[in-house]
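Let's start with one chain on its own, the form predicted on its own, as structure tokens.
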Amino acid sequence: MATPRTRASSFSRNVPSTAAPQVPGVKSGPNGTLFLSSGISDLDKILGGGFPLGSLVVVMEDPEAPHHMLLLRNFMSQGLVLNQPLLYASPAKDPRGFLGTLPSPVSSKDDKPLDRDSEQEKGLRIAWQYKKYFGENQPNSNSQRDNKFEFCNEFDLRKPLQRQFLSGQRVECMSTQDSSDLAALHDRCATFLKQFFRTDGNISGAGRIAIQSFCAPQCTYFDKEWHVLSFIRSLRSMIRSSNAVVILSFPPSLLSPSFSKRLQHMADTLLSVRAIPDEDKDLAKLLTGYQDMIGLLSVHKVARINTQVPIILEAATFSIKLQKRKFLVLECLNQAPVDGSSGTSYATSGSCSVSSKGGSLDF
């Protein structure tokens, strides 16, 4: 799994180190940043800890397959398991019905997916006295498992979430299809975020907002670009001063290129998902493990709070796989051997532009 590398710079905010907040599902990071888990441990590692509190996460949908729903489901389930309030908005007439498709957390340790990092560590033949330094600086999204709560759970996509997590008044749902404009959604988000207003004191709780298929054609504000951009600016301003995270998905293929670009620039964290054709022989020869892939996830932008130092990822595109047909896994793209034979892949990065013809500078 690719780990982010951070450049050293004098522009980083000098924030005194504080103890991790005793709030379920909240983890401390560098420069005083607090994180919420995405519900996918691999994605948390890629982003350097998770989704920062007060950030807007935008996911670009693929018109061929609803892979963005996998990200939304895990994000929503993770919040409900940790008893974090959730506001879900969808263009469907009955958005509460979507709650029945949320995955359930894995309770048994035997059912949890294998830890790929630990398996790789066992395969390395290094001196025993150096093993204590291996993985010492790697981000661990499950560092709080020994406590009574976990920062990130493993979810079984084949089992629905228990009703006990869906009961109560901590889950709000609304349909964006009925409202003639975005005023109703704006007021609903403002009311929801008021309970998580950020102060200088300790954090009492965190919230999550999930907006599915924003700017869908069935919404009446579909062609009102100015109203949509004004709503996003206002939402980003409200979320920045609150202890919450907003994840919003939209279909860029149904919008004008200029409108889509403006929405992307407003995101703190920008992701995109893309389906993989079932019979792409060229791609199957190029990548190892192609048969197990169900899609691709690209990281276009990573949120940076309290600092101007960018995060440089070792890879920007990752394969989406289902381990044991129920666990969502993200892996770096591995290039298949040039001769097409089986064996260890040459690279672990997302680059796929290696030529099979040797040059004079090859060594």
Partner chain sequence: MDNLLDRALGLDGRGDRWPLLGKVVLVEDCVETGGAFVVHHIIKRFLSPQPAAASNHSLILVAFSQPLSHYDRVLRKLGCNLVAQRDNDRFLFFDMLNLRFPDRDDVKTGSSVLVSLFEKIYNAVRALSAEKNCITIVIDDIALMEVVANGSSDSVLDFLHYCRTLTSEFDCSVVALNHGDIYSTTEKPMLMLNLEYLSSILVRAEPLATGSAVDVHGQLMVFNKGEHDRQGTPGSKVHNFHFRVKENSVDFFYPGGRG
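Numbering follows the first chain given and starts at 1. Since the structure is predicted, the reported quantities are computational estimates derived from the model, not experimental observations.
Just so it is clear, the following notes concern the form predicted together with the partner chain, a form of the same protein that is not shown.
- In the predicted bound form, at least one heavy atom of H186 sits within 4.5 Å of the partner chain.
- Contact annotation: L182 falls within 4.5 Å of the partner chain in the predicted bound form, judged by heavy atom distances.
- Contact annotation: Q264 falls within 4.5 Å of the partner chain in the predicted bound form, judged by heavy atom distances.
- Residue contact check for V273: none of its heavy atoms lie within 4.5 Å of the partner chain in the predicted bound form.
- Within 4.5 Å of the partner chain in the predicted bound form, a heavy atom is found for all three of N31, R233 and T307.
- Although the partner chain is not shown here, in the predicted bound form the stretch 234 to 259 places heavy atoms of S234, R236, S237, R240, P257, S258 within 4.5 Å of it, in sequence order.
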